[in-house]
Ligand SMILES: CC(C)(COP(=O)(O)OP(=O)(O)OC[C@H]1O[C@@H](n2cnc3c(N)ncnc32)[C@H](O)[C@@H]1OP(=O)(O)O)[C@@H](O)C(=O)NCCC(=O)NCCS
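Next up: a single chain in structure tokens, the form predicted alone.
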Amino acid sequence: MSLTLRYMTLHDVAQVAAIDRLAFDLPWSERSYAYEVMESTYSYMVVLEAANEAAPVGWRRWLAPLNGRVQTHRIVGYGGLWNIMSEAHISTIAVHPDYRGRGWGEILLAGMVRRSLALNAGYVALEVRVSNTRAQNLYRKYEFETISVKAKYYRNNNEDAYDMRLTLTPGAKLRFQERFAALRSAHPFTDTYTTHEPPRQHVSERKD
């Protein structure tokens, strides 16, 4: 199985929204994701795509390449990053329940932090439920610190949220790059998200 970290496209929205419904009690609509991908000028939406080779069955075997294998692609996780002034804000992040526990959520988090560096952000911010200690541990691994508590932040049950932030000091940037290199060594993946501009910017240019 090979992994690719890349920008979310309209073609991905249905799969992303399906994962969102599994992950959260208050999921975003497909229209919201379409807006983030195609219209928002400050959004940098990301997906983690898994490709797997398998032997074709049924009529598909007639369309298979000469080696008799076909490649299937599936979105296994996604994230959202907003860049406003000096703040990079992680708006959402989730991995499909079938693929949790493999370290793939860390790939998404690290990808958005690295994208924040490319955007010259001063810090990265996010909110996390006070009960979600597993996510908090991952964020602290990347040097996010709790700044404050947002009371009754989550509308479905009025749970509080921690406001966590990573200040991108020169030292933090250096340590992050070391973590990112170690992550790619442990979980090899293709990365076109942190090195390219989002495709929706070209759409915006045609509208102007």
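So that there is no doubt, residue numbering starts at 1 and follows the sequence shown. No experiment lies behind these values; they were computed from the predicted model shown.
If you look for the form predicted in complex with the ligand, you will not find it shown, but the lines that follow are about it.
When contacts are defined as a non-hydrogen atom within 4.5 Å, none of 110, 117 and 184 contacts the ligand in the model of the complex. In summary, the region of this chain contacting the ligand in the model of the complex, judged by heavy atoms within 4.5 Å and restricted to 22-30, 37-45, 143-151, 170-178, corresponds to 22-30. Checked against the ligand in the model of the complex, the candidates 94, 75, 121, 125 yield a single residue with a heavy atom inside 4.5 Å, and that residue is 94. Using a 4.5 angstroms threshold between heavy atoms, residue 82 stays clear of the ligand in the model of the complex. Put simply, residue 86 is far from the ligand in the model of the complex: not one heavy atom of it is within 4.5 Å. Residue 71 falls outside the set of residues with a heavy atom inside 4.5 Å of the ligand in the model of the complex. Proximity of residue 131 to the ligand in the model of the complex falls outside the 4.5 Å heavy atom cutoff. Residues 137, 138, 139, 141 are the ones in 137-164 with at least one heavy atom within 4.5 Å of the ligand in the model of the complex, listed in sequence order.
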